[in-house]
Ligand SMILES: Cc1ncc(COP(=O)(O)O)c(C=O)c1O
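Single chain ahead, written as structure tokens, the form predicted on its own.
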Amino acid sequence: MPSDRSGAELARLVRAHDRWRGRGVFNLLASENAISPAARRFLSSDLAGRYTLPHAPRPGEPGTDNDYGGTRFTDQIERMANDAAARLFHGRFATTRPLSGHLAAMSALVPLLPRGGRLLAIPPEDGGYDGYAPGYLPAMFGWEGRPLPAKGPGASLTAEAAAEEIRRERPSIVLLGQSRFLFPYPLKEIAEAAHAQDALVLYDASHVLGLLAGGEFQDPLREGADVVYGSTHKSLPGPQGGLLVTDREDLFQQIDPALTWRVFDNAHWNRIAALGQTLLEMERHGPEYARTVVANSQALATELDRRGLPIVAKELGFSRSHQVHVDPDRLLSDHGLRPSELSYRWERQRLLTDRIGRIGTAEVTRLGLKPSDMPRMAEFLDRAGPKRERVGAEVLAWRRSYRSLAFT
């Protein structure tokens, strides 16, 4: 029998989490962000328990319909979200149904890459996403996964090296995008090389989607990518989920019908409503937000470097994204620390990062921090990390001065 106190204990844990993550720390995780109060309300709306199941036209039926009744508002919500995604990312066709960035990748790859097809993607050792490595999605669907090395500073790509690899490998799909993502790609040149080999270019924008929405970083569809997709909760400050956009009707006609009952079924319409709200906010505030994110990354990296914390890609200005990367080899040689040890030290002092050496500026930008605040942030990271000082009380006092989100 369940304990009578189980519900109370669960409520206590949720409240404790909300206090800790919502008000008690600075979140510098590159893979997370804060959604607006309006979007959060939609997540807890009646949509959370509802379901739709659209189907293709059947003989004798007028147009596309839905197998469930009562969905007229749900359908309008989805259309609004899709239209906003298409506008923001400069495509003509969009879907907000993917439940995650990973499922957005499957939504594009499964219909477009036949069994036995060759997929060229940046490998994990160069900052690429593990899911594209040979033992994961390629193994599941019978694709041949091949590496696209990114050996420039900060795991960046050069046009010449990428084009040479494309000509040598002759892939069916060139997949760009990284988990450790600092700099834009020479996308026009890469797309020309890929299209000359009759290969499609897919752009996994999971980490930089919010920057693209604000007109920063790059403009993939206008620079030659065929499909852009990604997760919606990293630099884009939306709910966890995914979206996909393309300018090509022929590709979308292959992708969209292949989603339901193949990649997923229910798409969680409360999430789509919250995502739609986020996209509308980004149409209004995205440019200022994205510029500030990048400026914060560059200012923070500069200050950390000045204090002796080793940051990669100084010769390229450290970053043009929401990420700053600690150099693990120099961290070990200069300070006797591994990235995971540094992260644990920071967490004990209310500064959250991941364990692989990425520092993210998206959520602190949403709190309202600006480049002028980055010297203070760098000071806390330096004191809490290499110097092992207890700064948690000072960090908490500073964090409590930010009581609402900006750019909403």
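This is a predicted model, so every value here is computed, not measured. We number the residues from 1 along the sequence you see.
As for the form predicted together with the ligand, it is not shown, yet the points below apply to it.
> Which one, 117-125, 280-288, 94-102, 164-172, holds residues whose non-hydrogen atoms are within 4.5 Å of the ligand in the predicted bound form?
Looking at the partner contacts, the answer comes out as 94-102.
> Give a yes or no on whether each residue among 129, 179 and 231 has a heavy atom within 4.5 Å of the ligand in the predicted bound form.
Every listed residue reaches the ligand in the predicted bound form, so yes.
> Using 4.5 Å between non-hydrogen atoms, is residue 322 touching the ligand in the predicted bound form?
Flag for residue 322 set to no.
> May I ask you to state whether residue 206 is within 4.5 Å of the ligand in the predicted bound form, using heavy atom distances?
Answer yes; at least one heavy atom of residue 206 falls within 4.5 Å of the ligand in the predicted bound form.
> So in the predicted bound form, does residue 154 come within 4.5 Å of the ligand, heavy atom to heavy atom?
No, residue 154 sits far enough from the ligand in the predicted bound form that none of its heavy atoms falls within 4.5 Å.
> With a cut-off of 4.5 Å between heavy atoms, is residue 276 one of the residues that contacts the ligand in the predicted bound form?
The answer is no: residue 276 has no heavy atom within 4.5 Å of the ligand.
> Could you list which residues of 66-86 come within 4.5 Å of the ligand in the predicted bound form, counting heavy atoms only?
The stretch does not touch the partner at all.
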